[in-house]
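Presented as structure tokens, the chain that follows is alone, the form predicted on its own.
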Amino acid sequence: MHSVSPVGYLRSCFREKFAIPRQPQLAPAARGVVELLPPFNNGEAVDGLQQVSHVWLLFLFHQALEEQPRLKVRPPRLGGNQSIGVFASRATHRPNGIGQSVVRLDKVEAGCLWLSGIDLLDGTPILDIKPYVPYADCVEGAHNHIAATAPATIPVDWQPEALQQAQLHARRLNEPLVELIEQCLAQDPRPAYQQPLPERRYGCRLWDLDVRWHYPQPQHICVLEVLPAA
């Protein structure tokens, strides 16, 4: 029996699971900071990492841990209705709750790593950090016939007041909030099998804000408001 302990925790723009991109790099404006724990927070553990553009994060799906392992899962990429083996997917329901993502490393400080292109929830325990090695990690000729290409995006429009709200909070946060909302919603976070009525409202939390939208057409999003979270 082996046990592992986090080396740090992620402070993320994503405050809830809904609307997090299903893979890293799909929302380059998604930012976060890994805050390292002792003894890894004194600078020695990240010495040399300034020479690296991307890192692998090994982390814990801390809000999807299950006592009974799943052998089959229903990935969104297959419409949410077709099941495949858990080891053929990147579903959050893992035998040991472990996930991995390759993310952009924007800045290195003693005790902190500043990242973008993330797909992790705020508060995620980070189990390990490894440098991305292009010649080894990018395999020429590799294929995945389940997910051969990036998912198609859908158009995102704004109500004028919602865009003004987002721009105001972007300046306050000093974050690319408009881009973040557009990149996340363009991935269509609703369940793949769902066909919502036009009047149904959806929402998620990004940073300290509630973002609300609806689908005036099945494959078209309109952002309705961006307001401080209640």
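No experiment lies behind these values; they were computed from the predicted model shown. So that there is no doubt, residue numbering starts at 1 and follows the sequence shown.
The discussion below concerns the form predicted in complex with a small molecule, not included here.
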property: Selected contact from S53, N42, Q63, Q164, since only one has a non-hydrogen atom within 4.5 angstroms of the small molecule in the model of the complex; result: Q63
property: In the model of the complex, T92 touching the small molecule (heavy atom, 4.5 Å); result: yes
property: Interface membership of H220, the small molecule in the model of the complex, 4.5 Å heavy atom rule; result: no
property: 4.5 Å heavy atom contact, S116 to the small molecule in the model of the complex; result: no
property: Contact label in the model of the complex: R212 to the small molecule, heavy atom within 4.5 Å; result: no
property: Triplet R104, L180 and Q183 all within 4.5 Å of the small molecule in the model of the complex via a heavy atom; result: no
property: Listed range touching the small molecule, judged in the model of the complex by heavy atoms within 4.5 Å, from 93 to 101, 155 to 163, 142 to 150, 106 to 114; result: 93 to 101
